[in-house]
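Listed next as structure tokens is one chain, alone, in the form predicted on its own.
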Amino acid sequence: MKKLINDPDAVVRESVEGFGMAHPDLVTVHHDPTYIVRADGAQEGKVGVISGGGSGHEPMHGGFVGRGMLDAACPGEVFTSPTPDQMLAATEAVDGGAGVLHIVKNYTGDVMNFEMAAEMAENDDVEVQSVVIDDDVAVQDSLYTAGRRGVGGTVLAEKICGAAADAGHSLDEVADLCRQVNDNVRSMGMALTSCVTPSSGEPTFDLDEDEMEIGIGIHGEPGRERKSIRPVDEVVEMLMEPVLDDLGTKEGDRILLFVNSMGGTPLIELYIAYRKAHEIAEQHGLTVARNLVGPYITSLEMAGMSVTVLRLTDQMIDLWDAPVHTPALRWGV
């Protein structure tokens, strides 16, 4: 294992400390329990929007804390859910009196711990609604989930719902919008290599030099099938077709096309993949109205990619275009 770390047990703590030092104008980092909040604190009368999950998927979620996106994020240990006390502290920290939305990726630990935190917050008179994101079409159940996994669609939900909250929408409205995004987004990923968690020092799964895994999860969960490596155009077809089929797109739909690096795949390769994904979308009569390309929900140093398609409404487009200023996403400011 070659990693730029000190003590494997201190990776998350030291990384979060460095993150806070790098972005003091945007975020404040709290410890014991650990959570990240907007530097300007809770906004009176505004719905708070928080998310969280295991570390190792950077910039998700801490990188999306700031104006127009998340109000707080809870980082767990690598590939491990944050604890209810982290989520409760974050929820109370961002409560401006209009309630708090929890955006939860569909992993068993995340769902269970966010539910516990929501119950405790409501006992403290904080209104909470939770929306579970389950956009991965690759497999129905996995090592970490009951039902579909929550993956790239989470990034899009956080941006759109964060903008809605900043615009003054009510908790019911922001939660309903989050459900609408989840109903209209699908994702699928693949891997060329495994990744190595700092605590184990071993690959999370084994792939031969000439193999790839189609439908992999962001923690290295098994996918649909293992195949010999193929040219990227063929790989993109293996991802796009199931995504579009499951989403049930029809000619004339406007979409947001998101091509994401799993951590080890560079932009030069992602743009080749985006080129093919865009071509497939147009062949299906779809209009690619918005896009996102880059490493936004990763799996440590895993080489691979995922494709996410969101069917857009006018409201979603307006909220996507709204100003955002976070460590990992910025436009309009």
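Predicted model only: the values in this text are computed from it and were never measured. Each residue number is its position in the shown sequence, starting from 1.
FYI, the form predicted in complex with a further copy of the same chain isn't displayed, but the following is about it.
In the predicted bound form, at least one heavy atom of Asn291 sits within 4.5 Å of a heavy atom of a further copy of the same chain. In the predicted bound form, none of the heavy atoms of Pro84 sits within 4.5 Å of a heavy atom of a further copy of the same chain. Although the partner is absent here, Val132 sits far enough away that none of its heavy atoms falls within 4.5 Å of a further copy of the same chain in the predicted bound form.
For Ile317, no non-hydrogen atom is located within 4.5 Å of a further copy of the same chain in the predicted bound form, even though that partner is not displayed. Shown alone, this chain has one stretch from 164-172, 116-124, 93-101, 202-210 that lies within 4.5 Å of a further copy of the same chain in the predicted bound form by heavy atoms: 202-210. Just one of Asp245, Asp233, Glu225, Asp183 comes within 4.5 Å of a further copy of the same chain in the predicted bound form, counting any heavy atom, and that one is Asp233. Of the candidates Pro266, Gly41, Pro33, Gly285, Pro266 is the one whose heavy atoms come within 4.5 Å of a further copy of the same chain in the predicted bound form; the others do not. Of the residues in 285-313, those that come within 4.5 Å of a further copy of the same chain in the predicted bound form through at least one heavy atom are, in sequence order, Asn291, Val293, Leu300, Glu301, Gly304, Met305.
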